[in-house]
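Shown here is one chain on its own, the form predicted on its own, set out as structure tokens.
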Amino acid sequence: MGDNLKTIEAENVSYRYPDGSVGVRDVNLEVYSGDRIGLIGANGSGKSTLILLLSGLIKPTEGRVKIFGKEPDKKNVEEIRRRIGVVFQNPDDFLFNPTVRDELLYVPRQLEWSDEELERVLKAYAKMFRIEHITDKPPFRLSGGEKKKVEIASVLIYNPEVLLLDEPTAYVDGKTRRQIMETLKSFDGTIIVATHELDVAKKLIDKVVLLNLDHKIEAVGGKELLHDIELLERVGVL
């Protein structure tokens, strides 16, 4: 359980979308500093909704979410945004700046980093993700794999304490997938990753939160749950 410092807590959380469809039902979950958690479930089980709830991007219909001990509100939302990074499943939901350079530096500029520091991190992260050759391109002109790398780099560049990722290896080829996995494995912080890909989970996480097709938590445990074939079949992962 990390170092016992609680970073995120969901208490009896449910979410229903405006059209009446259910996102998640009655979720109780505690995330501690240093945890590496996998939200595992079939498509439609509520993984993406739970990522949005745990990051404070949407408010629960019922129950409450605390982040760093506080419920997100107008007073603390900026602090939460600085300390939490969110990677969406579809990069097009995230990328909006005119160039890759602007995308990478968007948050550091909001934090008023010096010009020297901006250039330093730009070079470092462009090199890390092997995107030096596209920093002047508009994001909409990039391939799916390039967009995903830019999205993840844009979040990691400001060094968040907690990283929430929704299907981080979606829309990428094998080479890009390996690059992303290497980077995420070396991330020194709390990780919550939503995925239906068991090989991704086995390499990145050490705690499993298994969601079923009723949008509830079916089981919580260690990586041994990823080898319980009967359980995985019951929740629709296999």
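One rule holds for the numbers: they count along the sequence shown, beginning at 1. Keep in mind that what you see is a predicted model, and the values were worked out from it rather than measured.
Not pictured, yet referred to below: the form predicted in complex with another copy of the chain.
A.B. asks: Select from the listed residues Ala201, Val31, Ile67, Val172 the one whose heavy atoms reach within 4.5 Å of another copy of the chain in the model of the complex.
C.D. replies: Only one listed residue qualifies here, and that residue is Val172.
A.B. asks: Though only this chain appears here, would Lys185 touch another copy of the chain in the model of the complex if you measure heavy atom gaps against 4.5 Å?
C.D. replies: Output for Lys185 is no: heavy atoms all beyond 4.5 Å of another copy of the chain.
A.B. asks: Whether Pro72 contacts another copy of the chain in the model of the complex should be assessed with a 4.5 Å heavy atom distance threshold; does it?
C.D. replies: Residue-level check for Pro72: no, no contact with another copy of the chain.
A.B. asks: So, in the model of the complex, is Met181 in contact with another copy of the chain at a 4.5 angstroms heavy atom limit?
C.D. replies: Residue-level check for Met181: no, no contact with another copy of the chain.
A.B. asks: I'd like to know if Leu238 sits close to another copy of the chain in the model of the complex, meaning any non-hydrogen atom pair within 4.5 angstroms.
C.D. replies: Contact check for Leu238: yes, within 4.5 Å of another copy of the chain in the model of the complex.
A.B. asks: Could you list which residues of 71 to 103 come within 4.5 Å of another copy of the chain in the model of the complex, counting heavy atoms only?
C.D. replies: The stretch 71 to 103, when checked against another copy of the chain in the model of the complex, contributes Gln89, Asn90, Pro91, Asp92 at the 4.5 Å heavy-atom cut-off.
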